[in-house]
Structures are given as C-alpha cells and as structure tokens.
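Only one chain comes next, encoded as structure tokens, the form predicted alone.
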Amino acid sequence: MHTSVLTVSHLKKDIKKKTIIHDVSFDIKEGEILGFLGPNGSGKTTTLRMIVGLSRPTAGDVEICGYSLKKNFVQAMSQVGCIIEGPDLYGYMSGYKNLELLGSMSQGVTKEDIDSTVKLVGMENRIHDKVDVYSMGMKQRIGLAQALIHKPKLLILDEPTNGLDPQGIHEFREIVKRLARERGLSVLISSHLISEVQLMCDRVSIINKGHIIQNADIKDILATGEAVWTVNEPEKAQQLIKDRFGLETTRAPEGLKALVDMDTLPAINKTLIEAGFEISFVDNKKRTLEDLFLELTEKDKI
C-alpha cells in the first residue's frame, strides 16, 4: 500500500477579507503523478504557493512525508523539489556550475549526486556550456536537475512545458514518468496543456473558483464515453436501460444518449436486441480529460 507523500487538508486563503481558496483537499501517493488543472484565475498558483511555503494559508494544513508545514517547515520543505514560474539560472555560468552552486546550499549533495542527476535529465553532452546558449528545452532540463539533486520525495512543477516545442514536451514528459516509475518520486504538475496531463498523470484534481470540483483517476475518465442509440420505442428502451443497468439516458434528435463505461456498452446493446428493440444506429465517442474539464468548468477557457 502506497503512503501519501503530500496531503493537502482543507486549505483556505483569504485576501482582503475575500476568500479565494475554499476548503481545498487532495493527496499524492508515493510514485504517483497528479495533474492540477484549472482555468486562469481558478486558484492553482495560489494553492501551489501555499504548498511550497511562499504563502501562509488562512486555515488548513499541508503535510509532506508526514511533516506539517505549520509545525515542521524545514523538515517538510527538505523533501520538496520545485520549479515554479520557470527555472532560475545564471546565464553567464555553465549548467554544471549552476548545479554546483545550488548543491552547495543543500545539505549532503555530492558530486556524484550532481553527475547522476545530469545523466538522468540527459544533459551530459552540454552540461559545461554556458546557460545563455541553451535552448528553452535545455534550460528546463537543468531546472529539473536543480529540483532533483537533493533527492526529494516530492517534485512540484508549475507549467513545466511552457515554451517547449513538441519534441521538448515529449522528452520532458518521458523523464518525469521515468522518475515516478523508477525512483518512486511523487509529482504534482500544474499545467494548461490538458492533453499532456492526460498522457503524463495518474490522477487529476480540477479546481475552479477556488474549489476542488473533481478528484479522479485518469484511467476511469478515459474508460467512460458518450453512447448514442437510434432505436424504435425510445421511451421503453430508456426505461429498460435504467432498470437493468441503473443508467440514466437523455433524449436527443439523434436518439438516446448516455455517459457509459465502454466495457458495459456491448451488454447494453445485447439486452436491447434480446428484448426485441430495433436498433438502427449505435455510436460511441470516448471521453477525454478535456471533455470532463470543460463540462466541470462550464466552458471556461483554459
């Protein structure tokens, strides 16, 4: 059984007597990647700032590896690596010198730690070049290395693929997935790229107007789709589907519609046919994380 590396409990944030974060709770298990999604202004960055200690919550608490941010701030933050609003790098120094400088500020970081992290992020061939000549993708890799050299248990990434080309996004995604799989690293990713969250994450928490409106497994979201049946006697078919499968359908010009587990769809079709209904058309469309996001945020733009 995986233990929780990050537990966010009932976070609340008031600014100028106005509540902007309302009772936010979620957790991340060991080796899990959680996507943190929300429209602009939904409270994502404010919540992240509270998690990494840059802003004090009005109420609630954050625990990292069992350490309360309120009671054991230093111990809690020693378990965290993060990139928020892009990596901070000295352009006139090499990538390696940047890592050495940061490593000197962290307890117990050795040359071997730096070398292994450089290899992990795939920068061995360019690590001694000046940061000023790096591409955006290279800078993101060095930023990731900075966040990892002290071997944290939790990695927090805020918009980590901003400015990257498709190849850079793919490479970054694969590095993060490998870290979770091979090192058991827990990762919290805030991103506007819903398709990337779907490809990278195990679970998702969706925030809107300061409220968590959904915590869900990605695989459960993807297992659901919209089915449409064009069938004679639609009212009777509607009742049969409800009685046998507990599924609510809606009437539409093209037929009956419902959100359904795709594994259940063949059984529904078989039941309708065996009950004597004439099905002239069946269609299904797999649901995506973007579909769920837009439903829950009432078409707010991301």
Partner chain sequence: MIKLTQNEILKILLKKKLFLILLLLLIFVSLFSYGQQFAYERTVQQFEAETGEMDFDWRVLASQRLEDLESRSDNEFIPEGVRASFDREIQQLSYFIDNDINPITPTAFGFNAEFAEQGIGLFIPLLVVILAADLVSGEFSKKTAKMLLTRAVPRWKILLSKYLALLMMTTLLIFMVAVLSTLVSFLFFGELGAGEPVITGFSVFEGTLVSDSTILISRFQFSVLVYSLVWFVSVIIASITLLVSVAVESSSSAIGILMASIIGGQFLQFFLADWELVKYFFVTNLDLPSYLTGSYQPVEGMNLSFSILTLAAWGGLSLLISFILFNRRDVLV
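Residue numbers count along the first chain shown, from 1. What you see is a predicted model, and the numbers here were worked out from it, not measured in a lab. Just so we're on the same page, rigid core means the largest C-alpha set that superposes within 1.5 Å between forms.
Although not depicted, the form predicted in complex with the partner chain is the subject of the following passage.
Taking the partner chain as it sits in the predicted complex, is S104 in contact with it (heavy atom to heavy atom, 4.5 Å or less)?
Output for S104 is yes: heavy atoms within 4.5 Å of the partner chain.
Taking heavy atoms and a 4.5 Å cut-off, does S78 contact the partner chain in the predicted complex?
S78 belongs to the contact set for the partner chain.
Evaluate I84 for contact with the partner chain in the predicted complex, applying a 4.5 angstroms cut-off between non-hydrogen atoms, and reply yes or no.
I84: contacts the partner chain in the predicted complex.
Is H150 near the partner chain? Define near as a heavy atom within 4.5 Å, in the predicted complex.
Contact check for H150: yes, within 4.5 Å of the partner chain in the predicted complex.
Select, from the options 185 to 193, 206 to 214, 88 to 96, 224 to 232, the stretch whose residues sit within 4.5 angstroms of the partner chain in the predicted complex by heavy atom distance.
In the other structure, the partner sits against 88 to 96.
Of G31, G53, G60, G66, which one comes within 4.5 Å of the partner chain in the predicted complex, counting heavy atoms only?
Answer to the contact question: G53.
Check for me whether the partner chain, as it appears in the predicted complex, comes within 4.5 angstroms of all of R49, V74 and K130 - heavy atoms only.
Judged in the predicted complex, R49, V74 and K130 all sit within 4.5 Å of the partner chain.
Is the C-alpha displacement of K153 equal to or greater than 2 Å between this form and the one not shown once the rigid core has been superposed?
No, its C-alpha moves less than 2 Å.
Return yes or no for H170: a CA shift of at least 2 Å between this form and the one not shown, with the rigid core superposed?
Superposed on the core, H170 moves its C-alpha less than 2 Å between this form and the one not shown.
Does D132 show a Cα shift reaching 2 Å between this form and the one not shown after rigid-core superposition?
True for D132: a C-alpha shift of 2 Å or more.
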